[in-house]
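Starting off, we have a lone chain in the form predicted on its own, written out as structure tokens.
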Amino acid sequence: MTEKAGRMVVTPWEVSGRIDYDRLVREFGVKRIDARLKKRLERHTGPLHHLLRRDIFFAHMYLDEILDAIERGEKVYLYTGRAPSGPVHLGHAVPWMLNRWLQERLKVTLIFQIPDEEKTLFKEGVTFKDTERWTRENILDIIAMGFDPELTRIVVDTRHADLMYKTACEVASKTTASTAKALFGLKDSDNVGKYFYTCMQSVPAFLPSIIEGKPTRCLIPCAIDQDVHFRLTRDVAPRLGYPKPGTILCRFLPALSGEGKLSSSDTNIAMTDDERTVRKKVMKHAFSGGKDTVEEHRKHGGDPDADMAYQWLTFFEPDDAKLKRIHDDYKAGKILSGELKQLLVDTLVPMMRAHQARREAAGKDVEKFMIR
């Protein structure tokens, strides 16, 4: 979806403007995750992750059929990915958090795709030398998220092309140029690699069936802008004899400025940032929902719905009771905007310190996580 005049742009490569999630649900043809489906998932996972409780993961396709397979005692897989082009930031970590939780609760294997060719095809001036560096750096962050090495298989597109190429060709044989143009906004002037790349994205959804030697369902937790890749996958799957993958889709971590999705082009917080850097970015750039003066704020309170520090807390503060107290106190004027920003810093820093400690130790484990 691209609508510059309406200020909302949502594609796999660009997200900006004020996001209308109701409209995305309608136009992407996905379904809301309702209370009944949450209850059903909870029977298998125990108490739901806060990202599900708060409707940050809010939509899906075929999650009900994934649960059908689990309830029949069938094996299912998870699939997610990361195109290496720079440091991993907190926005990338959001779907990874749910993948890790689902892996732990359901005891399922995760296929983690590293499409290291993407930026060389879609971004001018990016070389494979660039993506090689960021592939290794990003893998360290993936390992540091705490995924189970026995249940995680990292697939690097160029390194594991022998595993992926045949299936990608099968997908390509069922995909027309007009379909790729319609789904991804590709043009005649685009290089042909962009067209084939869309087929490579489908392959990890079919690897579970190839690995198991029988039709095996796959669930893909990701941000909603990525669902377009899996519309293509769902279209070709039955024609190739594979089950359609399910998706569970999240909202975007908003930019600190309050506009659109946090991205590398905006002020962001990398998982490797130190405490001083995190505090500086939050204090300087987080859009405030507070009033202009302390007196006015104490009297009338702030607007947590407009305040980016509070909005980020909804993603990263797992304690519902604590989050509600912060919400109510800010709205009542008991917490000032600067104090709310500091609460966000106090939430992020311990989480990131733990991540960075695991990252320091991750180098020796890289090969343990590679698909074999």
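Residue numbers run from 1 along the displayed sequence. Note that the coordinates shown come from a computational prediction; the quantities given were computed from them, not determined experimentally.
Form predicted together with a further copy of the same chain: not shown, discussed below.
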May I ask you to choose, among 226, 85, 272, 120, the residue with a heavy atom within 4.5 Å of a further copy of the same chain in the predicted complex? 120
Tell me, out of 287, 195, 147, 252, which residue has a non-hydrogen atom within 4.5 angstroms of a further copy of the same chain in the predicted complex. 195
So which of 244 to 252, 158 to 166, 92 to 100, 75 to 83 is the stretch with heavy atoms within 4.5 Å of a further copy of the same chain in the predicted complex? 158 to 166
Is it true that 20, 27 and 67, all three, sit within 4.5 Å of a further copy of the same chain in the predicted complex, judged by heavy atoms? no
Distance check, residue 212 to a further copy of the same chain in the predicted complex, heavy atom within 4.5 Å: no
Looking at the partner-bound form in the predicted complex, is residue 180 within 4.5 Å of a further copy of the same chain by any heavy atom? yes
a further copy of the same chain contact at residue 170 in the predicted complex, heavy atom, 4.5 Å: yes
Closest heavy atom of residue 199 to a further copy of the same chain in the predicted complex, within 4.5 Å or not? yes
